[in-house]
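In the block that follows, a single chain appears as structure tokens, in the form predicted alone.
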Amino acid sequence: MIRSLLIANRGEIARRIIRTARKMGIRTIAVHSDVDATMPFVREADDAVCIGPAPARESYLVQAKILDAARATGAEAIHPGYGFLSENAEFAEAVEAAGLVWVGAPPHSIRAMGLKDAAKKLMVAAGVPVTPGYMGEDQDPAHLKAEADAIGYPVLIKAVAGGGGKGMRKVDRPEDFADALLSCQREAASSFGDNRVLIEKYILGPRHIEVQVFGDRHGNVVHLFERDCSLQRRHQKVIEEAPAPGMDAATRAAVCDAAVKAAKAVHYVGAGTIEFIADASEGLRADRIWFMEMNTRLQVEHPVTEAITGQDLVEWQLRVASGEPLPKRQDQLSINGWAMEARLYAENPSNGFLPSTGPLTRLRLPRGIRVDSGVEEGGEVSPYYDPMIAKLIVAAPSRTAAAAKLASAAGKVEVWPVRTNAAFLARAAADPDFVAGHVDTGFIERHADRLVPAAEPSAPVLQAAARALLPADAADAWGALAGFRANAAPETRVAVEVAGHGHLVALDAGATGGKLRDVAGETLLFLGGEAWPVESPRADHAGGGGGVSDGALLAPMPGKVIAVEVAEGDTVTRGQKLLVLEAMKMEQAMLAPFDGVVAELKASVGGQVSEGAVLVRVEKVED
């Protein structure tokens, strides 16, 4: 068995691996950037090495620094986690060449499945059904357009070397293809260093089904059943669950057997996920489920598989990497109950889900469930890395019970001043269509009006909060908002029914529902996963988008300008793209708010901008 393990990752990923390694008596070594020096994963490891500045390309992605840290600390093995270098065949080879154990997929398997076009050809040869599309070498835009026209719209453009929803665009009309292709290629080059794409038929009513597979060095391969990851936004998973709703035994057997066949085709070792796309327009059927790709690593959503099987998948990884056979045979694995996982992100749903970085002055996560988190109260959400705060994982005997448990947990999240998607998650998990299992990858887009919270609370909610803090004989609760504090005695309990809003505001530390808190001198209302400063309600909030009435477009988040498509003096029309901002590998187009002329341009390609900075100003042209 491995005795010492360096973890080439950070945050909740590193903490997850440390937890299992400690249970197994394995010494752990963390590597970290300078801004991560005080993070929980660094403290929890037995040893830690700083490997560079904050940007990942100067620290976590520098292979030589990680190998040097392994040698300096006497590590026997390296676990890459999930993300960063976990699917980098060259790094895996470098680890093995250094005489260390690689806790991951074999380099040949990573290469075989790393390029989507080559992987699909391999799957066809292995008898695994694949999605109809174009996977050719000819990348001429005109040829790609012709292939898309032949497949029939809508189509999906996908980066050959892509993953995580990056370098992917849905195209509904032929006239939109050229712009979508250019954007996809640019994002693919930026994220993966490879701008090649493939084209697939876009499946109507699609479900994202994936199967957890595991192989060992003795030729054994098993599956640990399926997960459903259909609840997505912009191709990024939001809520995952296991097993998949509506999956009958025959369809499960077909898709899981196909997954094992795919893993065996590349002589797979370790944890991997075979991803399928299903046409669920008539329910899940074995003849309407196709291979999409393989992730040659452990997945972010692996806890739901652990919950329904009772297995520790990181322990499986470490045992397989040590040369042991798989801990269980296929006939020893079974499904028990239902599990769901929601990704709690530092983002603002009411402002287009843009990232929200900054200090975590208050961070209270729900109890009684599994919570995998990489941050803590008093820390911060850094602009340098993925803005996930935590994974909320629930398990229950049935799907209905699991959904109710997840909705309740998300509603109890208290975070400030960083904004989160907690209320959005609570609404999604409680949505009648979700509870009924009527999900596909377009669910969030179709129901956005009822899932995305308002930018500000309704006046009755704030009025209820105000009245709860005033003496019973106060005449004007609304007018007395300024200066109040929620410092009533603990035994004081005030519950206010907000008519027509379907919830109870219970305003005290001991009750369930909404709570008033004093946080760093501000009185805050926490209700259903949302947080508002009660002292300063604003009725004139304009919402997201970055524009203001005078035509000035403000940066909605800190980021880098990657494209400028106008110059000062240009005439523009309402909705025209003026420039593109990138932050955390996400592109945000800034559009003209009305017809006019570019009076001022303060942005240039490559420039870094801060949130709220004026990027461009458009003036209306008088008739």
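Start at 1 and count along the sequence shown; that's the residue number. Quick caveat: nothing in here was measured; it's all calculated off a predicted structure. Rigid core: the largest C-alpha set superposing within 1.5 Å between the two forms.
Heads up, the form predicted together with ligand ADP isn't pictured, but that's what we're talking about next.
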In the predicted complex, residue 79 touching ligand ADP (heavy atom, 4.5 Å) = no
is_contact(residue 292, ligand ADP) in the predicted complex, heavy atom dist at most 4.5 Å = yes
task = Answer for residue 206 alone: is it within 4.5 Å of ligand ADP in the predicted complex, judged on heavy atom distances?
result = yes
key: is_contact(residue 202, ligand ADP) in the predicted complex, heavy atom dist at most 4.5 Å   = yes
query = Among 217 to 225, 272 to 280, 332 to 340, 259 to 267, which stretch has residues whose heavy atoms lie within 4.5 Å of ligand ADP in the predicted complex?
reply = 272 to 280
task = Could you check which residue among 86, 299, 131, 309 gets a heavy atom within 4.5 Å of ligand ADP in the predicted complex?
result = 131
ask   = So which of 515, 169, 116, 362 gets a non-hydrogen atom within 4.5 Å of ligand ADP in the predicted complex?
value = 116
message = Need the contact residues for 218 to 256: heavy atom within 4.5 Å of ligand ADP in the predicted complex, sequence order, or none if there are none.
response = 232, 235
inquiry  = Following rigid core alignment, is the displacement of the residue 203 C-alpha between this form and the one not shown equal to or greater than 2 angstroms?
reply    = no
ask   = Once you line up the core, how about residue 403: does its CA shift reach 2 Å between this form and the one not shown?
value = no
query = After the core is overlaid between this form and the one not shown, has the C-alpha of residue 238 moved by 2 angstroms or more?
reply = no
